[in-house]
Structure formats: structure tokens, C-alpha cells
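Here you'll find one protein chain in two forms, each presented separately as C-alpha cells under the names structure 1 and structure 2.
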Structure 1
Amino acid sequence: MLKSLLYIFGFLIVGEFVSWLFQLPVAGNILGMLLLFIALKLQLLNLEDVKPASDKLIKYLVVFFIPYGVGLMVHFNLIAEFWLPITVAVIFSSILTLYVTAKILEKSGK
């Protein structure tokens, strides 16, 4: 389990470093996940190497959303003022994400 956590946090650190080094407008944790995905897809890393920690992290995923919920409540007045554009953006981006995911899965033959 420790080895799998080291892999996951290693990719997180690399992603943060790349984001900082090149001053990219993409968060380092997103780059780290993308690099981890590429390493798994190219079989540079085996799924069994990261599975124990990822299973535990997914089990407690809801805990990671608590800071975002608190942040939403801090900006409640702003959200209340712009609720319609926010709602439209959330619905549109969710539908777009579902569509793109379905197309990718369709092309991959799964």
C-alpha cells in the first residue's frame, strides 16, 4: 500500500512541478493524473502497483469534497446572485462530458 501511495503522490508532485515550471494554466494535480494515466496506458506502470492506494482513496472520496462544500458556503451570496448562469454551465458541461466520454468509449470498442 505504501508503494502505491508513493506512486500516486510522486505523479502528483511531478504534475505540480511541471505546472509550476512552465507556468501552465492547468492545475498540477490534473497534470499528475494525466501523467499517471499515460504511464498506465503505455504500461510503464502496472495497475497492480497503484490499485491498493487508489481503492482506499476512492472508498473515502466523499471526504475530499468537504473543503469544496465549505468554500461554496463562503461564497453563498455570489452564487445566489449568479445562480442561473452557474446552473446552465454545470448542466451544459455535464452533458458535454457524458457525450465526449461516450464517444471515446465507443471508439475504443469497450
Structure 2
Amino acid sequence: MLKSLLYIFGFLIVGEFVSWLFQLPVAGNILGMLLLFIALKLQLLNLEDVKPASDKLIKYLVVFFIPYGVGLMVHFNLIAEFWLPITVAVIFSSILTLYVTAKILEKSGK
């Protein structure tokens, strides 16, 4: 567990460092995720070495963003004022996204 946690934080800090060093428009944790995927794919790293910590983190991922959801209360007025455009845009955009993605795969006969 400790080893796998070390790997996760190791990739996180490398991602943050690369993002900071080159001033990239991509967050360090996203770079860390990409680098970890590449390392696993090139077999520079065993799945068993990272799996214990990553499984636990993924399992409780939803808990970690609860504080951000609570922060919505600060912006309640903004949401209340523009709830209609937000609702319309989000629903139609989601339907379009579902449709475009599914249609391409359906047409390819997969």
C-alpha cells in the first residue's frame, strides 16, 4: 500500500513539475495520469505496484469532490439568475454528445 501510494504521489509531483516548468495549459495531475498510463503500457511499472492505492482512491473519488459541491452555495445567486440557459444548454449538449458518440460506433457496426 505504501509503495503504491508513493508511486501515485510520485507521478503527481512529476506531472506538477512538468506543467510548472514548461508552463503548460494542462493541469499537473492530468499529466501525471497520462504518464502513469504510459509507464504501465510500456511495462516500466507493474500493475500490482500501483493498484492497491489507486483502487482505494478511485473507490472514494466521489467523497473528495463533495467540498466543491458544497461551494455551490456561495454562487447560489448566479445559478438562480441563469438557471434556464444553464439547464437548456446542459441538457441539449448532453443529448448531442450521447448521440454523436453512439452513432459513430453504431454505424461502424461495432
Partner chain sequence: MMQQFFQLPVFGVFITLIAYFLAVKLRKKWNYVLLNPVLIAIAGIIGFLLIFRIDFETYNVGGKYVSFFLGPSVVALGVFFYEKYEEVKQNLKIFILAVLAGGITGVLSVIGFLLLLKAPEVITRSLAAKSVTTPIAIEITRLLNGIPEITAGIVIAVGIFGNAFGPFILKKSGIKSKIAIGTALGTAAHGIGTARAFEEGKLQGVYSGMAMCLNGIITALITPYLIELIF
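Under this definition, the rigid core comprises the largest set of C-alpha atoms superposing within 1.5 Å between the forms. All of these numbers come straight from a predicted model, not from anything done at the bench. Here, residue number means position along structure 1's sequence, counting from 1.
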Either 1 or 2, the form predicted on its own: 1
Cα displacement of I30 between the two structures reaching 2 Å, rigid core superposed: no
Core-aligned C-alpha movement of N46 between the two structures reaching 2 Å: no
Displaced residue check between the two structures: L21, CA, 2 Å or over, core reference: no
Rigid-core-superposed Cα shift at A89 between the two structures, Å: 6.9
Per-residue C-alpha deviation between the two structures [V100; rigid core superposition; Å]: 10.0
